[in-house]
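Encoded as structure tokens, the following chain is the form predicted alone, with no partner shown.
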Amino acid sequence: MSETRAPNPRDAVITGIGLVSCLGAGLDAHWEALNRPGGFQPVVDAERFAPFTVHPMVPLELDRQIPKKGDQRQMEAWQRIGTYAAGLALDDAGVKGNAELLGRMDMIVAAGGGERDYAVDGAILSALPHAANPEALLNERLMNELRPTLFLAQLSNLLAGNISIVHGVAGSSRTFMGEEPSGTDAVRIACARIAAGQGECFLVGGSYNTERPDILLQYAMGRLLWRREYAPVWRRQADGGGLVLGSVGCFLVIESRAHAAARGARASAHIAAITSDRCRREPGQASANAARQLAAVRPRLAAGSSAVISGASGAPGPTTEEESFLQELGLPVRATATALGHSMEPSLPANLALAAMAVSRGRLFGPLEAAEAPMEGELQQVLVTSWGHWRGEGMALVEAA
């Protein structure tokens, strides 16, 4: 039997969600795609980057959220994705254009290194073998051919800067790097600051563009990518596992319950708990971290009305271990990388968005593959997991607001 607690004014509640992926832009598009009659159908591209499959970003009407063409042109795809998703979240929260509120809204962004300038990369690599003095040539090219203030990959905190410029979010700004754990910690710290009275309203999230040769090369060199015909997350494990990456942008407006109530905002969900940890990934260590995290939230879990949204990446070691861990819980599970692809930094925010969407509607979306069981009855809580493909274990509990 679960503990019941009275709402607390310092609870962290989600009042705005902006989500874009291969399934569409906005929550309604995602709900429709995840509940398609006849069963879920993945959206994948197996041709452009063969032998690797990706979940491509849906075409975005950029003018809706980034009205100035000049702003659009100076951003790379990952920044446009994130800035667009941030605008959707602000719209959903009813704060777009509210200069007073945006002026004090804090922002925490999870982002990796930016996109490379392939033309400069190629020119340098072609010239170096023939240069009499390769070091001097490299210095000359780097100084003369890169855009001001940038190195070969754009700075991660440019996403926060562009969101601030385009949408007017002008409170404090922090950018975290570190693949999946950075997304978990971005949300965790926002919730902790709200609980401690160190902030009232946050814009939190990240973006990822997987449709990039350099990104696919990076993970292919680590032998982490799935090379066979597309298969959902759990089914891949029988053939050695692997990542199918997806382009995703997700931002959440997270407020204190008191702040949301004072401005008459509707909360879609309450982040009742969130925690993160890491280990060296020796056998059983990730499961031990997850068991400790689960023990902290288990008293709140309501039997018969809870489910799991898993951030399992498909990477063979951690995914197999997480699958065994989740089977012992006896709860319905959805591995959303089957639908969105694995998206590194924004994967946890995106799964929080899907969890909030589900609890606000009172039901879990359908199974994404045969290994996942349907759920009957009302959904009140979702346990969200985030096991990084290499490091980092996170867990959050999302409840109906």
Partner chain sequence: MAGSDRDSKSRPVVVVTGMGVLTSLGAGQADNWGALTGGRSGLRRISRFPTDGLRTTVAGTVDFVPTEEATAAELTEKLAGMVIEEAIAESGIGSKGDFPGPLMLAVPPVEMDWPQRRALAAASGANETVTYEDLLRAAESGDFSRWYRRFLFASVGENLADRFGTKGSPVATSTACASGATAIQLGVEAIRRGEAEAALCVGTDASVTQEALIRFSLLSALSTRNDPPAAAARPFSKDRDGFVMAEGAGALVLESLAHARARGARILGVVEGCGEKADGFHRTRSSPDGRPIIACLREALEDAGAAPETVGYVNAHGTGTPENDKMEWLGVSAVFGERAGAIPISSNKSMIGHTLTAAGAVEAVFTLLAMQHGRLPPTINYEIPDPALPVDCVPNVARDAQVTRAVSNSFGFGGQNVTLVLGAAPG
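If you superpose the two forms and keep the largest set of C-alpha atoms that fall within 1.5 Å, you have the rigid core. For clarity, every value in this text was computed on a predicted model and none was experimentally measured. Residue numbers count along the first chain shown, from 1.
If you look for the form predicted together with its partner chain, you will not find it shown, but the lines that follow are about it.
The candidate stretches are 299-307, 191-199, 87-95, 244-252, and the one lying within 4.5 Å of its partner chain in the model of the complex by heavy atoms is 191-199.
This chain is drawn without its partner chain; in the model of the complex, the residue among Gly264, Pro283, Gly330, Gly103 with a heavy atom within 4.5 Å of it is Gly103.
With the partner omitted here, the residue from Met75, Ala231, Leu294, Leu326 that has a non-hydrogen atom within 4.5 angstroms of its partner chain in the model of the complex is Met75.
Though the partner is left out of this view, Ser172 does reach within 4.5 Å of its partner chain in the model of the complex, counting heavy atoms only. Among heavy atoms of Ala273, none comes within 4.5 Å of its partner chain in the model of the complex. When contacts are judged by a 4.5 Å heavy atom cut-off, Ser164 counts as touching its partner chain in the model of the complex. Contact annotation: Thr320 falls outside 4.5 Å of its partner chain in the model of the complex, judged by heavy atom distances.
For the partner-free chain shown, Pro213, Asp214, Leu216, Leu217, Gln218, Tyr219, Ala220, Met221, Gly222, Arg223, Leu224, Arg227 of 200-238 come within 4.5 angstroms of its partner chain in the model of the complex, judged by any non-hydrogen atom. Here Gly240 does not count as shifted, since its C-alpha moves by less than 2 Å between this form and the one not shown after the core is aligned. Relative to the superposed core, Pro299 undergoes a C-alpha shift smaller than 2 Å between this form and the one not shown.
Shown in the overlay between this form and the one not shown, fitted on the rigid core, is a CA shift at Gly197 smaller than 2 Å.
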